[in-house]
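So this first bit is one chain, no partners, the form predicted on its own, shown in structure tokens.
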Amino acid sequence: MSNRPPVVLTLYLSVFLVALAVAPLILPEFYITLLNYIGLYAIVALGLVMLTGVGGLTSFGQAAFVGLGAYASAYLTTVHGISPWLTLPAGLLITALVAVTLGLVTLRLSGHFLPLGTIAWGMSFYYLFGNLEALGGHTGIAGIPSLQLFDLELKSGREYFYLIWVVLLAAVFATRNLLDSREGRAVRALKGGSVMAEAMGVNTPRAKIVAFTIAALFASTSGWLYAHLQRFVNPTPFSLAQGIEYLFMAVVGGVSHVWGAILGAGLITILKQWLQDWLPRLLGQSGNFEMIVFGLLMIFVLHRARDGVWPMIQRFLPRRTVRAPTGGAASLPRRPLPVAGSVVLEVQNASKRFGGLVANDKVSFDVKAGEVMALIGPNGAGKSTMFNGISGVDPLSAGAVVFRGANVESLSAREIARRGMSRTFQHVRLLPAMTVIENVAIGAHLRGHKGVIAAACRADRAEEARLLHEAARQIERCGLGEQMYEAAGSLPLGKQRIVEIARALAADPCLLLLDEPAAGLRYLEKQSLGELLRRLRAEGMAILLVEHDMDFVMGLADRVVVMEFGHKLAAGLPEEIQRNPAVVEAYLGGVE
């Protein structure tokens, strides 16, 4: 894949790495200590980039995971005499178990309840650390041994500098690799809402747990480094206030950007230090005045740079874009399509009730392989509700949905997608900041298998090349090759709908559900869409279509079902529907 950063970015990165390498050789001890803390904080903030910026899940409790890593190593080394290098995997294991347990409970919450939940367990861990006698209570644990690399014992901050920054940079590159992968797109899809992600086959509860656990493991690693750097721990650095500060670092730096974690940690750490040094001199008295000024500055930054500082810098840098492989890649395996004319979908007496409102009332129809079935009706007729019931997005209240010979009405949307059904939405559900090819690649999620560890280590590159090659093929097929690397949110609404069709096709479906695909398209674009759907029909794909453009429908559909107020009003060939008096009166404009 041609995902290499531009030469200018490589040059900037090289300069940054050289500056880090020579810093301990030329800077005073004070600045080395400051850089060490920036590195430790940035590791935690990087986890929040993954969790909050990418996954859209806000956490104020990351300091608790820092404390878990620190206390686990402090206790195991001082009480049981275990080597510090062995306490790192032990602390990560403990943190992972706690994170998964907390995540299974907390991540079920939504809206403002989720951050409130993280505040609750963040406070609980702070008081747990302070009240356990085995952990030294509020006095803490002293005498933590320093780390030793072969014959070199790391005693001073200057000696710890390289270890801290190597760990941070390794975490940065692992995170970037992960975000440019199938697993990373699953986490990024969370911001588009669980409805879209599940319909594309993403296991959203698992994706949330993955992001939550990665953020916790980064925090725990930072805590391990902190414990052996300080050689003393007590509960104070792991309070809720510190958890809020970590979130500030991520937000100020650029919560959706990997390098923003380092920038945010640096800005806030240096700013706090500068305020502590200069405000007493300016005001002529000591006190916590820096916290007042710091708070006001944070409000100002959040008003003026809501996306953080890094995007402002990024404007002057070449953009790094995920691209399809230039040399070609092996094609993904295709699922065999059903025999032309065979029934692919059968809806039997489908009903959907919302309290006393009946949106669908005992509607029945079927869709065959190699045909376009149109579902039409006035606004409020229950067409999109029927789509949601068929695809598992919002299960039916009664009735049956038989897909490829098996009942699926009780299955989740992702399980139905796994069986070969894919769809678009009435209201476009794309990730506007992601490119067209990245959005379309989400549709191919179920066609890959590599996990998080393989992605972080770049052991998934061959599979990733095939997924991006498939996404590019579907984009070209839908006539959007020129917009492949543009941000999806920058396209007009009509083309965004075409992107959704390409994303649905990337799933390799045998049944395609299209909810108003022609809305917002110009005449020639509708003609192109019609030609695409005819080609898909000729290949043997079954297509169920909801559309209001009657010229488009009648010139394309093989059969038509008409709905009115949740009921099935009529069904038949397009010419029969056009002559049906009840349909003409109810929907097609009356006798005139």
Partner chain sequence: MELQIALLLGQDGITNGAIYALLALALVLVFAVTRVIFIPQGEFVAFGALTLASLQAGKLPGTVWLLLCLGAAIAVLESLRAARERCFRQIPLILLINCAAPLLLAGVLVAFSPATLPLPVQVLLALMLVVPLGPMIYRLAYQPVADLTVLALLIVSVAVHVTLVGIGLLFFGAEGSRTPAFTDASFEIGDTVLQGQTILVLVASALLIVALYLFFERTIYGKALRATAMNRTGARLMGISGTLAGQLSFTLAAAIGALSGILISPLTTIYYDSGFLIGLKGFVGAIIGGLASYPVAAAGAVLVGLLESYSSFWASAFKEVIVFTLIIPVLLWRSLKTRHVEAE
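Residue numbers count along the first chain shown, from 1. Basically, rigid core = biggest C-alpha set you can superpose within 1.5 Å across the two forms. As the structure is a computational prediction, the values presented were derived from the model and not from experiment.
In what follows, reference is made to the form predicted together with its partner chain, a form of this protein that is not presented.
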Is there a heavy atom of L102 lying 4.5 Å or less from a heavy atom of its partner chain in the predicted complex? yes
Is F113 close to its partner chain in the predicted complex, meaning a heavy atom pair under 4.5 Å apart or at it? yes
Does G56 reach its partner chain in the predicted complex if we count a contact as any heavy atom within 4.5 Å? yes
Consider H257 of the chain shown here, and say whether it contacts its partner chain in the predicted complex, taking contact as heavy atoms within 4.5 Å. no
Name the stretch: of 157-165, 170-178, 103-111, 359-367, exactly one has residues whose heavy atoms fall within 4.5 Å of its partner chain in the predicted complex. 103-111
Each of A120, M123 and L247 within 4.5 Å of its partner chain in the predicted complex, by any heavy atom, yes or no? yes
State the residue from I292, L93, C457, V79 whose non-hydrogen atoms include one within 4.5 Å of its partner chain in the predicted complex. I292
Considering its partner chain in the predicted complex, which of A433, V402, M298, L337 comes within 4.5 Å of it through any heavy atom? M298
Those residues of 123-139 with a non-hydrogen atom no more than 4.5 Å from its partner chain in the predicted complex are M123, S124, Y127, L128, N131, L132
Does E290 count as moved between this form and the one not shown, where moved means a C-alpha shift of 2 angstroms or more after fitting the rigid core? yes
Core superposed first: is there a CA shift of 2 Å or greater at L107 between this form and the one not shown? yes
